[in-house]
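Single chain ahead, written as structure tokens, the form predicted alone.
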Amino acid sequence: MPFSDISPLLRSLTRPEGLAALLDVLPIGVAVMNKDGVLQAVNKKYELLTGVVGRNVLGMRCLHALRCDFCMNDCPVMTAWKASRPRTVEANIVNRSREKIFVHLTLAPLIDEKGAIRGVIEAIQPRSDNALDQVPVHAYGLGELIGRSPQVRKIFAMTPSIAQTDSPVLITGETGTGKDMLAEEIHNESDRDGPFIKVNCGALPEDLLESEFFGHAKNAFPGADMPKPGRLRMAHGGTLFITEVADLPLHLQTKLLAYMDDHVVYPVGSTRGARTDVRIMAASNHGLEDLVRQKLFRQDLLFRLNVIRLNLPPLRERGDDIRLLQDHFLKIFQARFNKKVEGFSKNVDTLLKSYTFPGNIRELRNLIEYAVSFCDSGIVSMRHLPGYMLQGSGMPDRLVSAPAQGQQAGGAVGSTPPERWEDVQRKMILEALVKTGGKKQQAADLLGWGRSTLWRKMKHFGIE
């Protein structure tokens, strides 16, 4: 390709947004600094490895951001370049979680046409003897699950070996911690070629649960005009994931236990069994041991489900994962709503860091969706948060700005459960309609939805 053909591309890379886009796709940590080691740009992989927030370290010297043992050991940036050529060394850094990470560190001078050093490119890559590098895919994420706290990383590291067994798995944790996603990722990493089928015991009427699990024969009961296979047959060769297993009635607990022993499905109204190959995984946000003591859950079924047990910690116990998830969800909703929202104000960061998140990751995702949807500036500030976040937050009054237009500041008090997501969505729709003067297409565009989606939700919420 002639140079003239790529010159527009090269010019675009001199702009900050072009350079950022280029750096962020690189699979290694990269920092750009001036000749004195003052950071000018860092990419997302650099943030991930070091635990720093990029915008907070720009203008700082490299040694304060990287915290590397090489900085005080003949680093050419610190001691002046003896030779104007790249240098690669083995070093270790200490991230913001106070973990030591062994890395390959490369420093390369940026030299102008006169041979003078104008800046430095720094690249960091984990070494193979680094404990985090043992499981590179799962160190900070597993599918849609994101985290680097020790408890979560331990689960990510265990998942590949768990996926290769057929043993039952019991996933526990508070509501909104990601139990469903973890179960699906275990299935996706397994060699099972059958489907991942989910059944929610808490969402179905008790008199329909048996048919949902085991199916029914034709005319087994009034209204059974056609035979139904049931989810244990639908999941043949794959996984059946039972959510809210604590809500399973006792008589169905007995029937499920029998299936787990012989893997034969007996539909309602039929004596003819069908053998299936299904892996059982279950989840609960209740203490099943307590339910056993109350004789509300069978102890032998608990033993059968509890072969492999994984507990997802609540978000409030995951430390810096809150910030990691904030940025992750911000990117998702930036793209969905096509908005240039660069980050969060310091007050929002402080509030989110101190908030207990009774709804865990689901609640964090929902409130960031809400905030980005109504953010009318480049930074998410306090006035963009849902009303319930501002009440009882413990933040000084001067830091809590007025709520966004149309937003109720007098929402639920912070000590009470937060608003349901359905209520928040209804507010979002009403506020969008107010902002657009009732124009549905513009309101749909503001919310990042299609017109039909907005119409359907308006009908669901009874909005005229």
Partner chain sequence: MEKILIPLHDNDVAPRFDLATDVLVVSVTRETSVMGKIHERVVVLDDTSGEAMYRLIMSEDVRTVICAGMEKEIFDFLRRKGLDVIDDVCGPADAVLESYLMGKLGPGQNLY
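Model, not experiment: these values are computed from the prediction. Numbering follows the first chain given and starts at 1. So that the term is clear: the rigid core is the largest set of C-alpha atoms that superpose within 1.5 Å between two forms.
Quick note: we don't show the form predicted together with its partner chain, though the next part is all about it.
Colleague: Each of Ala258, Asp261 and Met458 within 4.5 Å of its partner chain in the predicted bound form, by any heavy atom, yes or no?
Modeller: Zero of three within 4.5 Å in the predicted bound form.
Colleague: Spot the stretch among 350-358, 186-194, 240-248, 149-157 with residues whose non-hydrogen atoms come within 4.5 Å of its partner chain in the predicted bound form.
Modeller: Only one stretch qualifies here: 186-194.
Colleague: Please pick, from Arg336, Lys100, Arg293, Arg316, the one residue with any non-hydrogen atom lying within 4.5 angstroms of its partner chain in the predicted bound form.
Modeller: If I apply the 4.5 Å criterion carefully, the residue I get is Lys100.
Colleague: Which one, Val38, Ile28, Val434, Leu63, lies within 4.5 Å of its partner chain in the predicted bound form by heavy atoms?
Modeller: Residue within 4.5 Å of the partner: Leu63.
Colleague: Tell me, yes or no, whether Met428 is in contact with its partner chain in the predicted bound form, where a contact means a heavy atom of each within 4.5 Å.
Modeller: Met428: no, not in contact with its partner chain in the predicted bound form.
Colleague: Just checking whether Asn34 would be counted as a contact of its partner chain in the predicted bound form - the rule being heavy atoms within 4.5 angstroms.
Modeller: Close contact is absent here: in the predicted bound form, Asn34 is far from its partner chain, nothing within 4.5 Å, heavy atoms only.
Colleague: Give a yes or no for Asn92: in the predicted bound form, does one of its heavy atoms lie within 4.5 Å of a heavy atom belonging to its partner chain?
Modeller: Yes.
Colleague: With the cut-off set at 4.5 Å between non-hydrogen atoms, does Cys68 touch its partner chain in the predicted bound form?
Modeller: It does: once its partner chain is placed as it appears in the predicted bound form, Cys68 has a heavy atom within 4.5 Å of it.
Colleague: Taking the rigid core as reference, does Leu310 move its C-alpha 2 Å or further between this form and the one not shown?
Modeller: For Leu310, whose C-alpha is compared between this form and the one not shown after core superposition, the shift is less than 2 Å.
Colleague: After a rigid core superposition, would you say the CA of Leu301 moves by 2 angstroms or more between this form and the one not shown, or not?
Modeller: No: Leu301 shifts by under 2 Å between this form and the one not shown.
Colleague: Any chance the CA of Cys71 moves 2 angstroms or more between this form and the one not shown, core superposed?
Modeller: Superposed on the core, Cys71 moves its C-alpha 2 Å or more between this form and the one not shown.
Colleague: Are Gly51 and Pro160 closer or farther apart at the Cα level in the predicted bound form than shown, by 3 Å or more?
Modeller: Their C-alpha distance shrinks by at least 3 Å in the predicted bound form.
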